[in-house]
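Quick heads-up: it's one chain on its own, the form predicted alone, in structure tokens.
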């Protein structure tokens, strides 16, 4: 068992999930990083945190599987320590697809990865947090939670549902000491395992040359991590329930 408070991220890629975990670990948390696949990538993230003298544990978890989320939470609570902050960072971005190109199975998977998975987290973790007097659940989201676009049928429906689920959870749980914040990223993220995978190596490199690599025109995961940490440590008289993040050069979704 760790003597430190526990930060658990579900969806710990090399972008936001991994970098937020690094931030919390550096600030004195035991970071637990859970992701579906790429054990080598997971081990690298955990190794980077440990190399800096901080605590971290990795778990491979397929969140769609029955009982996987519930078992993860039970395992961490029993063998590592009480989960003080949970970051729900699962994505369901399948790229632009027409209605004809969006099969029912894909549409359903988007819902399972976003809304249903978050519901399962809350169903399992909220009673535990309530019994302890409180906790934090941070939820990464996207522009599609606010606005549906052509080609985003599965993503917009899934992410939009996740936003409203956050509002419903917050309405019930905030008075019980559980802080839930919906954090939507209203711009591309400078991360190889999110937009990098969608675009492919060549287009991603071109994007970095045009807008990244020090130009600050893409969301930088290391900088976003500071915002996540701040939200998780707000005084309860000034909790943020929803926040939007974008670079200085981007127009907000409602003006774009």
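This is a predicted model, so every value here is computed, not measured. Numbering follows the first chain given and starts at 1.
Another form, the form predicted together with a small molecule, is not on view; read the next lines as being about it.
Asker: Considering the small molecule in the model of the complex, which of 62, 43, 51, 213 comes within 4.5 Å of it through any heavy atom?
Answerer: Of the candidates 62, 43, 51, 213, 62 is the one lying within 4.5 Å of the small molecule in the model of the complex.
Asker: Taking 4.5 angstroms as the heavy atom distance cut-off, pick the stretch from 163-171, 128-136, 73-81, 180-188 that is near the small molecule in the model of the complex.
Answerer: Only one stretch qualifies here: 180-188.
Asker: Heavy atom to heavy atom, is residue 26 within 4.5 Å of the small molecule in the model of the complex?
Answerer: No, no contact at 4.5 Å.
Asker: Can residue 232 be called a contact residue for the small molecule in the model of the complex at 4.5 Å between heavy atoms?
Answerer: Flag for residue 232 set to no.
Asker: Within a 4.5 Å heavy atom cut-off, is residue 38 in contact with the small molecule in the model of the complex?
Answerer: So residue 38 counts as contacting the small molecule.
Asker: Might residue 14 be said to contact the small molecule in the model of the complex, defining contact as any heavy atom within 4.5 Å?
Answerer: Residue 14: yes, in contact with the small molecule in the model of the complex.
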